[in-house]
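The form predicted alone is given below as one chain in structure tokens.
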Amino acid sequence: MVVIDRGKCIGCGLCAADCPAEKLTVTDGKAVYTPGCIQCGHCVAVCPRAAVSIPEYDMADVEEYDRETFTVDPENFLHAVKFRRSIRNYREEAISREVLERILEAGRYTATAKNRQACRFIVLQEELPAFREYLWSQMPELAEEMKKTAPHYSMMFKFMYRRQRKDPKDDPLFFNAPACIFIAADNPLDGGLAAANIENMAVAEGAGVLYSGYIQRITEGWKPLKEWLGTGDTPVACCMLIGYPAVAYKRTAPRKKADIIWR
């Protein structure tokens, strides 16, 4: 539920005007909450007197707005977007738990459909070698099964399997990434948006990522791997390899002209 501190509330109506579920009104000069909202937190964020709280959430986690620290320079942000690269060569350096927690905070704060906040983040670092070996051991059976529905992927995965087994150091799926983040979400858009914010934060921490559609498809399509991860019935929306890049890029890469329709 949403709690209104009537001693602090000045009845300005900002929370009611900004409530997407229209569950707040102003009565007798005070904000009044009607049960059934989506707990998006807009009322907490917009209140000029900090009179609104949602006890179910960690209110100590709420930060006051400060233009100096909460505004990103547009040119710097665009440069960061243009400069990002998919990393396929990583240093043999683990990412600390503290850094990973900050990176995942960017995923936790990502907007979700109906504010469900239903993304699950599975971080493999210590157990990544075990998962990697288990995945490769399952590859022949998976590839054979995929003959029925996706013959192209079946052939590709068989080729990858032979290549990896011939030289275990030549891993065409995991490369040499020290960690991997899976995002499970019923709504794939929720997982994708969270992944984008996670990548931006990873880059800010000096790390880099590679979105692996192959690993995501393999994991989502093979029940034993999903059971190993513990995602239950929730679809695996995204897989990201993550680590500190072993290669330094000197400039942005060229792109085609944007396909934009101005109306």
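For clarity, every value in this text was computed on a predicted model and none was experimentally measured. Residues carry their position along the shown sequence, with the first being 1.
There is another form of this protein, the form predicted in complex with a small molecule, and it is not shown here; the text below is about that form.
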Heavy atom contact within 4.5 Å of the small molecule in the model of the complex, the stretch among 203-211, 40-48, 219-227, 55-63:
203-211
Among the candidate residues Arg88, Arg132, Lys158, Arg102, which is the single one with a non-hydrogen atom no more than 4.5 Å from the small molecule in the model of the complex?
Arg88
So in the model of the complex, is the small molecule close enough to Arg255 to count as touching (4.5 Å, heavy atoms)?
yes
Answer with yes or no whether Arg84 is in contact with the small molecule in the model of the complex, where contact means some heavy atom within 4.5 Å.
yes
For Phe175, is any heavy atom within 4.5 Å of the small molecule in the model of the complex, or not?
yes
